[in-house]
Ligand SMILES: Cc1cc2nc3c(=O)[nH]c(=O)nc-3n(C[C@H](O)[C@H](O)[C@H](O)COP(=O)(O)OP(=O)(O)OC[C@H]3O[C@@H](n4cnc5c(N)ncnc54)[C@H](O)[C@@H]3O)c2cc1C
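Here you get one chain, nothing else, as structure tokens; it is the form predicted on its own.
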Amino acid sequence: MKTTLQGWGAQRRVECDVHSPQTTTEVTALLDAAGTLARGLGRSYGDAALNEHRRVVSMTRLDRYLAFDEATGVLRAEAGVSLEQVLRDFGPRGFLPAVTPGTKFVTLGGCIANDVHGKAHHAQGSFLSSVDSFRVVTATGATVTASRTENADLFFASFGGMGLLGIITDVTLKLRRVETTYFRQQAIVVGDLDAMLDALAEHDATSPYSVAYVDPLATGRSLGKGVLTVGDHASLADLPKAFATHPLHVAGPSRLGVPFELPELTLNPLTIRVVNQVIQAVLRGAKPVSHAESFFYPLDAIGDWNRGYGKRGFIQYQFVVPLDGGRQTLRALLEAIVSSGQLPFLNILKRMGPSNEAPLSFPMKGYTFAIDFPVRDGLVALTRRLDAMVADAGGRTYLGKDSWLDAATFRRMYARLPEWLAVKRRWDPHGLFTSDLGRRLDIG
């Protein structure tokens, strides 16, 4: 069916040939030599889940659980199962996703394709760390199992491989056993960038979860000021009486939402300043114990929140740079943004742990910033400048959030790309699996 699709950032809208299979057999029948791409819930921000004028296989109807071991927390589920489903169905049983990004509206297959990470990467790694194996339809139409010991090259290359090696049909992963679905948390108000980075380093050893909100409008000596939030899973003993009655509570669907795309003039210096003042006040006043959903997924409380950026959409520019020289690099990047005249709406800073075995996985030991920009004239030029600065510093941008990175700079950022391309040639020699992002970066 010809359908218009967009990424979560909604900067591009393209027509694709969309099909929604319910079985692996139906998936295999949909392979198209003209180009095929699997798509989950469409939360990649740019063009990673777009395949203009070509086939898109929507995996959301392959959303069944296949097996669960209560003793080990090992779940086998189809690739279209979302983290929201896992939270809703297994939270009341004392299990949560072991690794989760900032939204629960992502599929297991999408989590692998992007090798998602969360607020605890420095302590727990990326999604790869929680997955034992998966099954994938390859370019020949065969369904194979990939794990650390079986077809290991395909296994590792699929994490961060952006769906360009095959269509994952089911996943075996470990869930995290918890006593409660609540979090202990602490808010730390920080006055500048150096103090923020010091605070992140200080709490790395004591708090597995940490994330910093950085005021996007702060300049001069206040550049980098914000609120650092650290936390960990709450035990039964940590809960106040109001929560102790239902320690494994899971919230229902949000009743709030943005009903339509707001006018572009809605986001202006005044409204951005007001909204950010509200965000800071909320973070500073956070209670010592909060629900896991508000800790992990604050924006999920507002349905279709991306519409707030208007018809031109937005980008989330996420990069990571090494710890060595990172302070100077971050300062230079933030100053470049301030001097550009572009107004970021949201700045989120975290520390990351070491890279993993996946050649195109984004995380590396260093500092990562995720910055939301409404699309305005001149923004592409700014991101080109930032891309060059990140690459010069030995860092990289996140393909799951990317919109405009060029192929040459991509190759500078991802030193292990030749290793990934060798896997691509082995498993998909004729380039059956492709996407708008893949063609833009000349990898599929």
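Numbering starts at 1 and follows the sequence shown. All values reported here derive from a predicted model rather than from experimental measurement.
Quick note: we don't show the form predicted together with the named molecule, though the next part is all about it.
Quiz item: Among 128, 317 and 359, does every residue place a heavy atom within 4.5 Å of the named molecule in the predicted complex?
Solution: The answer is no; none of 128, 317 and 359 reaches the named molecule.
Self-check item: Interface segment, criterion being heavy atoms within 4.5 Å of the named molecule in the predicted complex, picked from 412 to 420, 65 to 73, 380 to 388, 394 to 402
Solution: That would be stretch 394 to 402.
Self-check item: Contact flag, residue 42 vs the named molecule in the predicted complex, heavy atom cut 4.5 Å
Solution: The answer is yes: residue 42 has a heavy atom within 4.5 Å of the named molecule.
Practice problem: Spell out, yes or no, whether the shortest heavy atom distance between residue 210 and the named molecule in the predicted complex is within 4.5 Å. | Solution: Because no heavy atom of residue 210 falls inside 4.5 Å of the named molecule in the predicted complex, the answer is no.
Quiz item: So in the predicted complex, does any heavy atom of residue 105 sit within 4.5 Å of the named molecule?
Solution: So residue 105 counts as contacting the named molecule.
Exercise. Indicate whether residue 292 is a 4.5 Å heavy atom neighbour of the named molecule in the predicted complex.
Key: No - in the predicted complex, heavy atoms of residue 292 and the named molecule never come within 4.5 Å of each other.
Practice problem: Between 91 to 117 and the named molecule in the predicted complex, list the residues on our side with a heavy atom within 4.5 Å. | Solution: Read in sequence order, the residues that approach the named molecule (within 4.5 Å, in the predicted complex) are 101, 102, 103, 105, 106, 107, 109, 110, 111, 113, 114, 116, 117.
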